[in-house]
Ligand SMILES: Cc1ncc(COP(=O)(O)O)c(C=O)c1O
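What follows is a single chain, given as structure tokens, in the form predicted alone.
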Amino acid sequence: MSQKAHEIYEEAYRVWNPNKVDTFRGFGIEMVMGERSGNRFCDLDQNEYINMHSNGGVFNLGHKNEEVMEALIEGARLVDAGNHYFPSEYKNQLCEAVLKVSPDSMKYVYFLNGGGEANDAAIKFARKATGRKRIISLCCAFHGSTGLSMMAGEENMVKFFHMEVDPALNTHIAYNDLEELEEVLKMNDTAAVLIETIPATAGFPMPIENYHKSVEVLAHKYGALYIADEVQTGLMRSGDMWCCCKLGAEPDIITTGKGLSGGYYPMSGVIMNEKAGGWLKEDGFAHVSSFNSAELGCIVANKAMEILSRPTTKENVAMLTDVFDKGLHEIQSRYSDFLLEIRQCGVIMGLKTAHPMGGPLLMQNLMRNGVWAMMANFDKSAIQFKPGLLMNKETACEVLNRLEAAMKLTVEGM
């Protein structure tokens, strides 16, 4: 007989992650995912939840997407991971699919396994391309948990693991502060400006007008590259394939991941223009790992890219954008003292509350109403709100109704 959730949490405390277990128990939650399909999943007691976290965008196409599942099964009959030294038709197809939906200046794609690994690699490629070392990034951003990507992220995470930030290698600046950015760039030693297009772990605060285009212009003015971290905001979540491009910028490097997996096979990528990818002509063996561009992963990601590139997907995102825009503002009109900001770009959404712990409070009450959404870890007053791209209108309206019920519980309990 299958274990109960409490038994799984007891064992997880011993062998997996004691603090995560304690944290969710502190919220009154012992969630273990059971059956899942589309935008919904059940716990082990068959309580159903609508997924408004989507694992950061991993489940852009929903849980167990039938087309992606079939690609995985058929792909597994044809290939395995393959060999990272050899080209293959599946790798070429995925490169072509990604380049087709990227700016014309992009020439190469380098595939890896996770978003942090992609950002880590992008930093290396920028340093090689420019001969410089400094990386400028945002104080409020998260770029992954690998070495270089973590160093570029929020500094408390770096300090937790006793990683020393060399001020000559990493500079953290405030979001939306172009003057501070230029002051650092004036030192003329910056390899790249790495910007998470809309910082997810900070609750998706919106950029000022023309922010990303200004970052691009300033970076190039002082000989630096501009890297757009699109791991959470890319792959149609903004309504366009790349959020940075929707906002008017053309980076030298775009990093992607999460949704590229189709929810099944870990895949990420670094999309580069000629300058950023120049190292590939010099020494293509300089950056390797066993599962880079895994053939089975490429087959899965090719199917994900095909679905993401369909006009019907773009139309559905536009529909969801409109439904949530109207519905969230109607809710805000009734809870304006608590719901301070609706941050939205397509189905990239963050809800900023007036309470310093409004994120976890709202998260708990959403769970009680059958919605899974995650607080913003770098700003506990906010919650991330991330539907799947293929969610239908009926489910979106259901989410809004459940959010209003959760909002009422949260306000009444304060």
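Note that residue numbering begins at 1 and tracks the sequence as displayed. Remember, predicted model here, so these are calculated numbers, not experimental data.
Only in words, not in the display: the form predicted together with the named molecule, which the text now covers.
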According to a 4.5 angstroms non-hydrogen atom cut-off, is residue 231 in contact with the named molecule in the predicted bound form?
-> yes
Applying a 4.5 Å heavy atom distance criterion, does residue 258 contact the named molecule in the predicted bound form?
-> yes
Considering only heavy atoms, tell me if residue 115 and the named molecule come within 4.5 Å of each other in the predicted bound form.
-> yes
Verify the contact flag for residue 144: yes if a non-hydrogen atom of it lies within 4.5 Å of a non-hydrogen atom of the named molecule in the predicted bound form, no if not.
-> yes
Tell me which of 243-251, 127-135, 84-92, 223-231 has residues with heavy atoms within 4.5 angstroms of the named molecule in the predicted bound form?
-> 223-231
Just give me the residues of 174-203, first to last, that have a heavy atom within 4.5 Å of the named molecule in the predicted bound form.
-> 196
